[in-house]
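Given as C-alpha cells, the chain that follows is alone and in the form predicted alone.
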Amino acid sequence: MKNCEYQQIDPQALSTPTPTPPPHQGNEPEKKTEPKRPKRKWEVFPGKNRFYCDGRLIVARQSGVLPLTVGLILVTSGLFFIFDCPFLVKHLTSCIPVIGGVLFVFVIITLLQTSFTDPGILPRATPDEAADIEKQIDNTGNTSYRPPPRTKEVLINQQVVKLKYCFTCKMFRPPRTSHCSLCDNCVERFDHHCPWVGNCVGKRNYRFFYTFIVSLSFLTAFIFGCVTTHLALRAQGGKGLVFALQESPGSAVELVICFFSVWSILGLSGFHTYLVASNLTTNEDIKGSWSGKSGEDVTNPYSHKNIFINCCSVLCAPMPPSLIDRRGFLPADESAQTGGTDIELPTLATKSEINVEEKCLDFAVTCSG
C-alpha cells in the first residue's frame, strides 16, 4: 500500500467543470419562468363567436356579409356626396348634404351597435347545474340515450307558455328564448339571425337593429330622390337622360343600387314596425305562436294591448346587462386546467455538489491504490 499523506480537501479549490448549457436554436434568448396570465372568459367561450378589443366587441363567427353591407353603404353615400351634392347645393339648397350626412352617420352608428353588441346570450349551465337537471328529468340511467324534447309549462298573463329544454346549453330556455344554430347560443327574446349585420338580433340589440333599418330606409329613399332630381335637372333643355348620365356617371351606380334595395328595406322596416307595435318577434310571427294557426285559442301574453306602450317597452326600456361576463377572469382551478405544466430543472448548486463528491471519491481511490 502506498504512503499517502492525507490532507483536508477544500471543495472550493477543486476545479469543477462548468456545466454546459443546453444548445440554443438560433439566437433565442433563455426562457424565464413567468407567472401565467389569467385567462378571461371570452377566450374559452363555447359559442361560435368572435371577440375583439379584449372581449369588448362580439360578433358571429360567420359574419362575411357584414363587410358587404358596410361597403354598399359607404360606396353609395360616397358617390352621392361626390357627384350629386355639389350640383344640388348650387341649384337647390345647401341643406341636402347636411341631411344626408346626419342620416349616414346615424346608419353607421346603429349598424355597428347592432353588429358588436351582445344580443342577449344566456350562459350555459355549469356541469353541476346540468347534472342536477338531468337527475330531475331523466331517470333512464343511459347517458347515450337522447330522450324526446322535454318541456315545462308556465303561466304568463293567464296564458300557458311551454319552455323547451336545450340539449346544448343544458337548461330550460326562458320564455321567448331560442337557440341560434349559427352562433350556437341561446339568445333571450330571440328575433332572428341577420347575416347582413353579422350577429343575432335579440333582447339587447333589437332597438339598434330597428333604428338601423328605419334610418337606412330614410337614407336610401333620400339618396334615390336626390339622384333622380339631379339627373332630371341635368336632362332639361332637350339634353336627355343619356347626356345627364355621361356628365355624372356615379349617379347611375347610385340609381341602380337604390332602386333595387329601397323596396326591400322599406318593406323590412314596415314589417318590424308591425312587430314592435304588436310586441312580437320575427321568430314568433313565422311560427305563428300567438296567431291561433294551430287551432288553439291563444293570445300574445307579452302584448300590453296598447301600441304606444308596446313600442316603449320594446324600444325605450332600460338596457339589460350582459349575462355572459365575457371580460371576467376564469377561476384559478379552471385556468390551471387550460394551461401547460411547468417542469423544474435541477439547479446549478446541486450539480456542483455532485462534482465535488466525485472528486473526493477519486482522490480516496488513488491513495488506497
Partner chain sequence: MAETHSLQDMRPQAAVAAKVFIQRDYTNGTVCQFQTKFPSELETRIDKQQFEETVRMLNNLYAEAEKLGSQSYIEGCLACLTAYTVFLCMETHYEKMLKKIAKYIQEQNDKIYAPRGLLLTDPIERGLRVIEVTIFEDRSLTR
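Just so we're clear, the structure is a prediction, and the values are computed from it rather than from any experiment. Numbering follows the first chain given and starts at 1.
Another form exists, predicted together with the partner chain; not displayed. Remarks below refer to it.
- Here the chain stands alone, but in the model of the complex its contact with the partner chain, taken as any heavy atom within 4.5 Å, falls in 201 to 209 among 89 to 97, 265 to 273, 201 to 209, 250 to 258.
- In the model of the complex, no heavy atom of Lys48 sits within 4.5 Å of the partner chain.
- Not displayed here, the partner chain is approached by Arg124 to within 4.5 Å at the level of heavy atoms in the model of the complex.
- None of the heavy atoms of Ser289 is located within 4.5 Å of the partner chain in the model of the complex.
- At a distance threshold of 4.5 angstroms between non-hydrogen atoms, Pro320 is in contact with the partner chain in the model of the complex.
- Proximity to the partner chain in the model of the complex, taken as a non-hydrogen atom within 4.5 angstroms, holds for one residue of Ser303, Ser313, Gln62, Thr69, which is Ser313.
- Shown without its partner, this chain lists Gly78, Gly101, Gly240, Pro175 as candidates; in the model of the complex, only Pro175 has a non-hydrogen atom within 4.5 angstroms of the partner chain.
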